[in-house]
Each structure stands twice: as C-alpha cells, then as structure tokens.
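Next comes just one chain, in structure tokens: the form predicted alone.
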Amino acid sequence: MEYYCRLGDGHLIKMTKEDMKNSIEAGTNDAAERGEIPALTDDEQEFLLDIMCNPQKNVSVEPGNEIVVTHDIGTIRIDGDQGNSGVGIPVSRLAGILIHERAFGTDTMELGHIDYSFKPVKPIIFQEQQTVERVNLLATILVLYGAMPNLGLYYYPDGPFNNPSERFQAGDVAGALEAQEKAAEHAHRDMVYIMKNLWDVGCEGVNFDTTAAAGDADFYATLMATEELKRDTGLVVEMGMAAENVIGIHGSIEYKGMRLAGLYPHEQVKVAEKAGVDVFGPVVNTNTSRDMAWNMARAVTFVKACVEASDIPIHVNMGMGVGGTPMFETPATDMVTRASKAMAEVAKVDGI
C-alpha cells in the first residue's frame, strides 16, 4: 500500500510505509550526526510514521496539546502579493491585525513595515509610532513589532560599508572582518533606536525575525540589541533564526565568550538566553530534493534537542521551507499540519 507524501519542494508523491520508515530513520540520524545530539527514539519514530501514514488530508493534536501561535509579517499575509505568501486583499496593517484577532482567533499578532527590515524603518520612525499607538488602542492580543536585522543592507551598494564577499574575493580578509564589525555596530544601534522609540508609545514587544541571515555578525548585532533593550525597557523579545546553523561569514566573532559561527539550535538558544531573549524560534531548513518524512524527522530531532536545552519558551519557525514543511510560498496543509502535530507532540514545543 502507498501513502501520499510530498518532496521538500511541495511536489506530491506516493511512498510505501516501509520507505517512509526508512526516511524517518535517515532524517533523525542526519540531524543527530550534524548537531551531535540524540536521535529520536524508536517510539518517537513510530509516532512520526503514524502521522505520515494517517489517511486524513489534515491532522491535528489531541485535546490538551494545543500550543500558542506567533506570527512574522502577519499583516502582510493579507495585503501582500502572492510572491510574499499574501493574498492581495487591499487592507491596512491595522485592519489586518484586527482580522487576525477577531476573525481568525490568533493568539498574538505582529506589526511590521512592508520592507520588513529595521534599517528602512529608521527614517519613518514617527509614522510607525503613530501606527503602533492606533494598533494598541484597538487590539487586545499581544502585538509585537517585527523586522529582520538584515545586516546585508549595511553593505555597499545599499549601505556605507564594504561588501565582505567582495573583500574576501579580493584577498582583503581584514577589510571583510572590519566591514562586518562596523555593520553590526550600526545595526545594533538602529534596532535599539527604533524599538526604544516604539516602546515610548506603548509597543509591547519585538520579534527579531530571520536573525543571522547575514551570518554570525548579524546574530551578534541582534544579541547586543536584545541585551540593551532588556536592560532599558520592558519589551518582550522574540528571536527567530534564519537557519539551523549560524553561518560563519566572520568566523571568530563571539558573544560572552561563545563563538557564534556554527551553532545549532540547542546551542543558539543558550546564547539567546544570556542576552535576555524571552521566546526563541529555532529554524531547521528543508531539503527540497528529499521527501517530507525525512525532512520532518530531521526538523523534529533538532527542535526536540533545543526544547530540552532551553529555559525559555520555544516557538519553532515553520512554513515556506523550514520546520519540516515544504519549500513553497503557500505550503500544502497536509504537510503543514503533520509537521505541526509532530512539533507539538514529539518535540514538545511551546508554540509555532
């Protein structure tokens, strides 16, 4: 007998139960080897197999195992175009938040600028203050302000500093390292400036989304910004990562004695805790050429180790090619619900 499954790019395929079992074993072993963490137990692998072989199109958790949902660029899901997973409905960001709260029953929501990076917000901070005030007057649920640290915007031609990739190619290693350190300093300063101004008008929290997308210096800047904001404000800080492994573009930058390059989720969370992060969002990347049984088992293995290592809530990042879901702008609910159930009931995450 064959069961419906998908490849990591969302393509619908069929697999036998034995093939799925082998994929689950291979996926968890891959994560265990890379992260130097325990593989899933035989019982946990069997549980994942039952989820994948469930004949229902969509699955759910047992009553009592429900978890909290947080969003990144949530309002843009409505008024954005389909290239950004939106549906192109022309509503304001405020209306989008209220729709999520009052129609969709969302646990939390997020306000973000359409560009969704911190650097472009700085010139329009006063307009964003007005928006935050209006949102807080009308919304009841927790509303975070979200954006990406996006260190790449600080490099030429978008920013004032040399592009590290170009400097490395030219053999100027010292120049590449210096450019990243200067960019991190400016990004840290901009994130703090923006969030302190929003805190002044009642902003409740911040979501540093896609942290470390530009490597270990990007991670460093966000950790430093978190530390300062937790010291000087009462903001709730959620930090969502960009990848399962911090890319060492700088390679030697450290935070409180911990070298940031090469850290996996169970190590990333301990550094985030030191900075004062309140909620951590680990990422596990989807391999588009492997089946989703393999991808899901691999993702759950990494995240389970992260949950066990963590002293703060874990809201795993899922969707569009991370967290055991296909790499597709609007991932099919059959795989999304299976991966979500696995994260809730095997990895024991606090939220998604």
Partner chain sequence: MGKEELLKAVEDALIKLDEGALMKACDDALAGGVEPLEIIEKALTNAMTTIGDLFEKGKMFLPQIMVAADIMKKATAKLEEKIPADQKPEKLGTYVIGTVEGDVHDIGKGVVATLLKVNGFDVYDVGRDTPLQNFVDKAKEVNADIVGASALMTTTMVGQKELIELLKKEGLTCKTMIGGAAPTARWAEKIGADAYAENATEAVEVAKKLVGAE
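All of these numbers come straight from a predicted model, not from anything done at the bench. Numbering follows the first chain given and starts at 1.
We do not show the form predicted together with the partner chain, though everything after this point is about it.
When the partner chain is placed as it is in the model of the complex, which of 89-97, 173-181, 120-128, 186-194 ends up with heavy atoms within 4.5 Å of it? Within 4.5 Å of the partner lies stretch 173-181.
Looking at 26, 39, 53, 327, which has any heavy atom no more than 4.5 Å from the partner chain in the model of the complex? Contact with the partner chain in the model of the complex is made by 327 alone.
Thinking of 34, 213 and 251 as the candidate spot, does the partner chain come within 4.5 Å of a heavy atom on all of them in the model of the complex? Result yes, every residue of the spot touches the partner chain.
How about residue 161 - does it come within 4.5 Å of the partner chain in the model of the complex, if we only consider non-hydrogen atoms? Result no; residue 161 lies far from the partner chain in the model of the complex.
Give a yes or no for residue 247: in the model of the complex, does one of its heavy atoms lie within 4.5 Å of a heavy atom belonging to the partner chain? Yes, residue 247 lies within 4.5 Å of the partner chain in the model of the complex.
Even though the partner chain is not shown here, does residue 11 get within 4.5 Å of it in the model of the complex, heavy atoms only? Contact check for residue 11: yes, within 4.5 Å of the partner chain in the model of the complex.
Determine whether any heavy atom of residue 157 comes within 4.5 Å of a heavy atom of the partner chain in the model of the complex, and answer yes or no. So residue 157 counts as contacting the partner chain.
Members of 271-287 lying within 4.5 angstroms of the partner chain, judged by heavy atom, in the model of the complex: The stretch 271-287, when checked against the partner chain in the model of the complex, contributes 286, 287 at the 4.5 Å heavy-atom cut-off.
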